[in-house]
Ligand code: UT7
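One chain comes next, on its own, written as structure tokens: the form predicted alone.
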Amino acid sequence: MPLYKATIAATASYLPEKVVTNHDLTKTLDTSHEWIFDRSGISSRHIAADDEPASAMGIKAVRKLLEKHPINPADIDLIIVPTSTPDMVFPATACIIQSAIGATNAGVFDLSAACSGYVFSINTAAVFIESGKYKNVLVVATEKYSTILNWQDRSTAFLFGDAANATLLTRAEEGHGIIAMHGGTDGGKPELLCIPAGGSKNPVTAETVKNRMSTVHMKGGDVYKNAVPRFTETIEAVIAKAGLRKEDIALIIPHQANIRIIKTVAKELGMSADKFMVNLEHYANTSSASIGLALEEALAAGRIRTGDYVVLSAFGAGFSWGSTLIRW
């Protein structure tokens, strides 16, 4: 048995000032607002400034969190930064954030799980807290996808946006906190959603740059076919692990990738779409930052009350998937 349960004590997000609408994209892409919205549910997205890397956005999210939930940064034991767009290969973006916020006693690392990064990080943080070794763990999901998109690719350019979210986990009070976790991976299909170049297999060369191999490549139909059953599987699994029924769940906060995926998953689960938090219309897919962003909005809107059972669920490249069930 774990020594403690972990819970989410606070969350705060940062969105870049610049907003790019679907109508803006029609100036450079052969597309329309209607085509994009019908297929994805997205109307606009935030785009970070050129001098605003992932670390800068993450730092701003943390500072907003500290305004809402004052904690001495020296009392933070661990910082996990899920990101697909680190400032550089190394050192970890978590190191830059740690230094900027003065978390002098924190161990830090980046976590690479694409859109599943937030859930994987929350679950990892929970295990550290459950062990009794750590009390306060900060998860900082920060993504600057605008730097890894091919803005001439009609099939992917409209799907993503930039954002950051900071979430503080700590020990829970009796009867509350994270009560179940689930995760899975199928690493046999990496080519269906990937960035082909920039790593040790295909280092950056003039040829890879010319062929835009350092940008997101996605086979959308295949991703959809994998996302729906895996999302369904992980939500059902985490509810079963908690010994609950679907009717017990007050809210599901899924990764905000595509409205069609979310609606289909709700149908597959036999649950009302009203039980799913959706905010991707104005932010698009912000990868690992999306669930934290939606969680903050759900809390602000009063959609989560004390005692509610809430599921966080994600699906991403890898393929990877996972869920967290919390009693608020």
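Owing to the predicted nature of the structure, the values given are computational and were not obtained by experimental measurement. Note that residue numbering follows the sequence shown and begins at 1.
Below, we turn to the form predicted in complex with ligand UT7, even though it does not appear here.
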- Message: Which residue, M181, L193, M213, I249, is the contact with ligand UT7 in the predicted bound form, using a 4.5 Å heavy atom cutoff?
- Response: L193
- Query: Since exactly one of S155, S99, N150, T208 fits, which has a heavy atom within 4.5 Å of ligand UT7 in the predicted bound form?
  - Reply: S155
- Note on the structure: The stretch from 234-242, 251-259, 132-140, 70-78 that lies within 4.5 Å of ligand UT7 in the predicted bound form, judged by heavy atoms, is 251-259
- Query: Should D30 be counted as a contact of ligand UT7 in the predicted bound form, where contact means heavy atoms within 4.5 Å?
  - Reply: yes
- With the cut-off set at 4.5 Å between non-hydrogen atoms, does A125 touch ligand UT7 in the predicted bound form? no
- Message: Given that ligand UT7 is not shown alongside this chain, does K267 nevertheless sit within 4.5 Å of it in the predicted bound form, heavy atom to heavy atom?
- Response: no
- Message: Considering non-hydrogen atoms and a 4.5 Å limit, does ligand UT7 approach H282 in the predicted bound form?
- Response: no
- Message: With ligand UT7 taken in the predicted bound form, which residues across 306-328 come within 4.5 angstroms through any non-hydrogen atom?
- Response: F315, G316
